[in-house]
Ligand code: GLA
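So this first bit is one chain, no partners, the form predicted on its own, shown in structure tokens.
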Amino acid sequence: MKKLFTSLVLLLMSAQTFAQKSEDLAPTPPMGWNTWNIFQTKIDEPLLKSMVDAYVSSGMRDAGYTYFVLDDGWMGMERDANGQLVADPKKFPNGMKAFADYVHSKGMKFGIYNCAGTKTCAGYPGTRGHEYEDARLYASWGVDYLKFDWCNAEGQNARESYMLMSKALKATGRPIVFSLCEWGSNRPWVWGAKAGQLWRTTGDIGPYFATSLTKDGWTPQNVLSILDKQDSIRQYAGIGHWNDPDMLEVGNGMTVAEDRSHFSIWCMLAAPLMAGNNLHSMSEDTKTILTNKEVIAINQDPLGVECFKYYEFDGIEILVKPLAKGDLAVLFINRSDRSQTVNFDWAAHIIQDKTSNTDVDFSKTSYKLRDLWAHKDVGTTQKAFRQTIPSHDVVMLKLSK
């Protein structure tokens, strides 16, 4: 009887420890860099080691970016004789464990990619039917993050497929952030928190080629249309489980104003911040945007609440994000093709949000205003806020009591 009791205690302690690991994997939205947007499958070990080095020297790691995620195209075209995935020997002659060790040696975490279907989106071996062996392999390599796509999954049940891989990852005993790249087709925000830490809410953000993003990056099928789909599902996001509107295209062809707006919107959405630009050729403007610690702090705010649309008129949109300690972030977006002047009388507005139990009457409570892109204090809510915003640009304010 004593032996049985001891076994039960150990089992309960083990379950509690394991559950705690899972809950602690992504208390704030994951931040990192992914190979796909700029390189697609044209990757190899020397290139990516140089990207790891640039990740560090650019200041991104010190700004809070943690994960280096290897997307599609890292594996050989076939599994080996034992059914195991193998890293492409031409691209990664030293194997994936050696590359993961290199990432870890630079103070970062390592992420990898596969697909719930029989093949990946680029036609490499998928995970269907190999969930547990692939999970064990990733754990043996020291993988910290798995992006799991939804290509070539005809006839599969999305929830069952992602739950199966989730169980396989948990069975390894290694804490691995699970990114459900399901495109929002099967409403993963309803069930995703039981499987992983983040789930895609839409299709891809847009073209992956810098030459075409200037044309398409700010049209309704990209940044703005993704934003417009988030407000109705914001209640499903929170600490340890995040809506994912896809990776960042900052530095990939949009204007500086559009990049700044894109980054600001993702931070307000409490979205995972997964950059995808060429770290070698990153401009100072791109670096300034991606490493703005004041804006990143809004994304990483410990309250873990996604923003909501407060107001929209004549191309001006206002997003509000409740923050810890009763603070607020307010983003003014100029979606129009002309400069517009905002004249916002705080005293005439009451901010209410059931998701975070926020109720602010500016006529009764005064807040200090901080412009997070200008890095300066700009008065208080006792006076109307007036500023001209260029086309496709933003003003981002933090309101502190």
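Note that the structure is predicted; figures quoted are calculated from it, not measured. Just count from 1 along the sequence shown to find any residue number.
Keep in mind the form predicted in complex with ligand GLA is missing from the figure; the text below concerns it.
When contacts are judged by a 4.5 Å heavy atom cut-off, D149 counts as touching ligand GLA in the predicted complex. Put simply, E312 is far from ligand GLA in the predicted complex: not one heavy atom of it is within 4.5 Å.
For R200, a non-hydrogen atom is located within 4.5 Å of ligand GLA in the predicted complex, even though that partner is not displayed. Proximity of W36 to ligand GLA in the predicted complex: non-hydrogen atoms within 4.5 Å are present.
The partner is not drawn, yet in the predicted complex one stretch among 175-183, 161-169, 290-298, 313-321 has residues with heavy atoms inside 4.5 Å of ligand GLA: 175-183. A heavy atom within 4.5 Å of ligand GLA in the predicted complex is found for exactly one of E258, E306, D72, D134: D72.
Between the options A193, A98, I239, A122, the residue in contact with ligand GLA in the predicted complex by a heavy atom within 4.5 angstroms is A122.
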